[in-house]
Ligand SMILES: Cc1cc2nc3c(=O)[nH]c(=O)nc-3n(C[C@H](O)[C@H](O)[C@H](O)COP(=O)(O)OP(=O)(O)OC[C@H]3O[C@@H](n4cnc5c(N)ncnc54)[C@H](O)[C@@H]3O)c2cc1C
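First, one chain by itself: the form predicted on its own, in structure tokens.
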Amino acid sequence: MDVERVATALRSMEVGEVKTGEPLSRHTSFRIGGPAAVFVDPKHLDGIVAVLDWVRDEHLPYFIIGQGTNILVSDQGVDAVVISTSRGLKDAEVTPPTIRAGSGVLLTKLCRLAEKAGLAGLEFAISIPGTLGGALVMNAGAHGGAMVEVVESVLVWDAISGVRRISGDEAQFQYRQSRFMHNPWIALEATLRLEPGDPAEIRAKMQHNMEYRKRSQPVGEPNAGSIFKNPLPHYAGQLIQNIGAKGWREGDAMVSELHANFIVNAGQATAHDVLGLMRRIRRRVYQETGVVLRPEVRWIGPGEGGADATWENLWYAEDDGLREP
């Protein structure tokens, strides 16, 4: 990519701030990640769409980032245009029983808006860090609830047909995944349909969920949320705890002493450290239980040693003695 040409062209569009070589460690909850070739922070929805249209027409690689939760960015960085939703997609409007919100809105803010309006159904999300956009992509869930239960429609940018609205069913939500992970779509905003409820009861349930999170998860330490998906009917955290992995370290990446399915950045951890620790965990779990753990956190960037950026190739970068069945 001709970084200077791309940055100059994007600046000429006057849609927002454009940087080159921006460290993505500044934009991820893990505090890990190399530089983005070009980083754009559009000021409004139209600006984000304009940038997406331009990178598509220029056949450039791109990536959307919100609060940077649930992702692990390569130490090599990303040779792409990274587009932030933190400013341009932060509007929200309550029209009971629905809430329409941009993908850059924090889930915690959405939950508080629902509570104030006496709308129930989002209580599960109060303890999920990150933005609505990331929650849509991953069908985020907690405390027995998930986004699939409340999404009525999503405004998407489609690389083929542009901006259009799809139904919640069209998003094809499944356990910790959606159609957004397999199609050239970007979620711009969503309409959530909730149910009338008692604000006091909603508040109490949210408080309970927040207290549970504080007791059971490393809230105050840099992390990316759950590292592995639950291999139902098992729980990843219990499997990892059972092999005695709490406190395991690779460099400054450490398995949380509070919750075994969390890896925390205990200082200056690198993506390489985290990958090494993930390999070690999944190898031991497989050896002792026969269960294959699969990542919930998303890998962003090239694979190690130039390999394709797929989890399988990342595993195979070292012979961990385990191949996908």
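The numbering used is simple: start at 1 and walk along the sequence shown. These numbers come from a predicted model, not from an experiment.
From this point on, the text means the form predicted in complex with this ligand, which you will not see here.
> Using heavy atoms only and a 4.5 Å cut-off, decide whether all three of Gln174, Tyr235 and Ala260 touch this ligand in the predicted bound form.
No, because Gln174, Tyr235 and Ala260 lack any heavy atom that approaches this ligand to within 4.5 Å in the predicted bound form.
> Pick from Arg213, Lys90, Arg179, Lys205: which residue has any heavy atom within 4.5 angstroms of this ligand in the predicted bound form?
Flagged contact: Arg213.
> Any of the heavy atoms of Ile65 lying within 4.5 Å of this ligand in the predicted bound form?
Result yes; Ile65 sits at the interface with this ligand in the predicted bound form.
> Is there a heavy atom of Gln217 lying 4.5 Å or less from a heavy atom of this ligand in the predicted bound form?
Yes, Gln217 sits close enough to this ligand in the predicted bound form that at least one of its heavy atoms falls within 4.5 Å.
> Can you tell me if Pro97 lies within 4.5 angstroms of this ligand in the predicted bound form, counting non-hydrogen atoms only?
Output for Pro97 is no: heavy atoms all beyond 4.5 Å of this ligand.
> Determine whether any heavy atom of Ile166 comes within 4.5 Å of a heavy atom of this ligand in the predicted bound form, and answer yes or no.
Contact check for Ile166: no, nothing within 4.5 Å of this ligand in the predicted bound form.
> Of the listed stretches (294-302, 252-260, 34-42, 275-283), which one has a non-hydrogen atom within 4.5 Å of this ligand in the predicted bound form?
Of the stretches listed, the one contacting the partner is 294-302.
> Could you list which residues of 183-215 come within 4.5 Å of this ligand in the predicted bound form, counting heavy atoms only?
Stretch hits, in order: Trp185, Ile186, Ala187, Arg213.
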